[in-house]
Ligand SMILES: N[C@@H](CCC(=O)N[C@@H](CS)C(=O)NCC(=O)O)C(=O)O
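First, one chain by itself in structure tokens, the form predicted alone.
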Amino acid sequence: MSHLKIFGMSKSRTFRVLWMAEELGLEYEHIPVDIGDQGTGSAEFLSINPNGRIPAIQDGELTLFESMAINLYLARQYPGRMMPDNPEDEARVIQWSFWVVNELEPGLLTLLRHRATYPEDQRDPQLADATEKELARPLAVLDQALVGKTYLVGEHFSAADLNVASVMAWAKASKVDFSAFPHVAAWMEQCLGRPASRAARR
């Protein structure tokens, strides 16, 4: 059995960690942990992540939480093309990983809740529409960054693409209108259509 253990459910931010492991071709043990007292709130899981959130990993002697930190670690630790081998492009991978958490994830989570996951009587369509308008600015930044490029950093699919696309998956589920962002739409379909992405969603 692999020494890498991934804790969490694929229908959560754990998806991005599972996707990274699949891209790297790693052997790993996926330990499903759901949100709630019997899962993230259990004493056993809190000993792994005292914040009571998923995902988390154990890789040998290392215990790590926060999905982006986990993915940057895996991309650096294990051979593959997920982390560039020069410091300038590695910094760009980190830049985009921080960027998507700060600029897109909060708004996309609001959209996801009010267009998909909340019960109908708890959804606020006006809030969702207003949030989508606010997301136009960062989406325009991403669209411009992809003009004339296949990937965000360098010539190969990397942790930058994976980390941003894993968040953008919420936009697809939230029925965001991408007509003004054609480069984002094409890039996202390419990323989320990768075999490793599909494997991570099983």
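Residue numbers run from 1 along the displayed sequence. These numbers were taken from a predicted model, which means no experiment stands behind them.
The next section is about a form of this same protein that is not shown, the form predicted in complex with the ligand.
S.K.: Please identify the residue among L62, A140, L46, I35 with any heavy atom within 4.5 Å of the ligand in the model of the complex.
M.R.: Exactly one residue meets the criterion: I35.
S.K.: Counting only non-hydrogen atoms, which stretch in 171 to 179, 49 to 57, 148 to 156, 130 to 138 is within 4.5 Å of the ligand in the model of the complex?
M.R.: Checking each option against the 4.5 Å cut-off leaves 49 to 57.
S.K.: Using heavy atoms and a 4.5 Å cut-off, decide whether R13, R16 and E66 all contact the ligand in the model of the complex.
M.R.: Looking in the model of the complex, the three residues R13, R16 and E66 all sit within 4.5 Å of the ligand (heavy atoms).
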